[in-house]
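Listed next as structure tokens is one chain, alone, in the form predicted alone.
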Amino acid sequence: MKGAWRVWQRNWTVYRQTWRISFVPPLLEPLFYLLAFGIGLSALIGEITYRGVGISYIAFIAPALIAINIMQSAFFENTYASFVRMYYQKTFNAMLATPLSLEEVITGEIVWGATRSLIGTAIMMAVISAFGLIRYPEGLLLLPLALLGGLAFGAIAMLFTSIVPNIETFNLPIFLFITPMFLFSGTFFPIDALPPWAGSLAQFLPLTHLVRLARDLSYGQIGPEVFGSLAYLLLFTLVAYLLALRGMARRIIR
């Protein structure tokens, strides 16, 4: 991990030069969503039943916005940004000319993607907490959840980076992988509203479990079902990480 830390440190140094631009989206995005849904749709929909308890629609989607941010921050960092560093800037080649190993470079990149998820989550939590939509101290567990979710989506993003022929091809995993999860992982409506077959498929989507955990932690409802979703994310992260290492080794060596 010492070498991976150096890769993380390099990305952090670059990030500090442009952090003001990166700071804006996670600050304004939840505000726009909460105002739009809170003022508009929430008045039309009324309450949503979650785990047998009636909650407002704005309280229902607020944790999902955090989960979506975790997914997108890590995924886009370890697809587009990592591809640019690998292919156009030749940063990976420069790092591999040092004593760093390929595994350390890829691990550092994925951990950096998870860090971007953590930073975005902390900013979003500050905004959402202003609306009283996160219960503390349980809500603080959203921060380590952001790291885990960031590792999961950063690893699968790095796997896609290892196989796409060019940067334009990232449109395919975004359209076929990210967009369906954005819509059908219990983000904007309960999974129970889906047909049974679609609800069963949704259980295999990592964002479904990330959203479920984000809601439980935001509401302070930490029960036995949390461990099932946590185990799924851990297994998904491990498998995606190993596949990403194998894929990147094959691509860079080739």
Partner chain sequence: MDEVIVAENLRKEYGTFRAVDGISFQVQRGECFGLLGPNGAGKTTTIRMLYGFTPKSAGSLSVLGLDLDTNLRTIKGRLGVCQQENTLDPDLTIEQNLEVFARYFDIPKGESRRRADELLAFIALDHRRHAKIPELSGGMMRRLMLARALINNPEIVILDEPTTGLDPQSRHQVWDRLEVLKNRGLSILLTTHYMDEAARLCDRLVIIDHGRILVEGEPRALIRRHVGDHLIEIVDPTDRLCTYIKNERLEHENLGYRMIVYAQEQGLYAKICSLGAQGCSLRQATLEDVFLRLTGRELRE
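Note that the structure is a prediction, hence the values are computed from the model and not measured. Positions refer to the first chain, counted from 1.
Another form, the form predicted together with the partner chain, is not on view; read the next lines as being about it.
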field: Contact assignment for the partner chain in the predicted complex, among Gly132, Pro99, Pro144, Pro180, heavy atom within 4.5 Å
entry: Pro99
task: Using a 4.5 Å heavy atom cut-off, state whether Gln72 contacts the partner chain in the predicted complex.
output: no
message: Contact with the partner chain in the predicted complex for Met95, defined as at least one heavy atom pair within 4.5 Å: yes or no?
response: yes
field: Touches the partner chain in the predicted complex: Asn171 (any heavy atom, 4.5 Å)
entry: no
- prompt: Quick one: is Val24 in contact with the partner chain in the predicted complex, heavy atoms, 4.5 Å cut-off?
  reply: no
task: Would you mind picking out the stretch of 171-179, 158-166, 85-93, 110-118 that comes within 4.5 angstroms of the partner chain in the predicted complex, counting non-hydrogen atoms?
output: 85-93
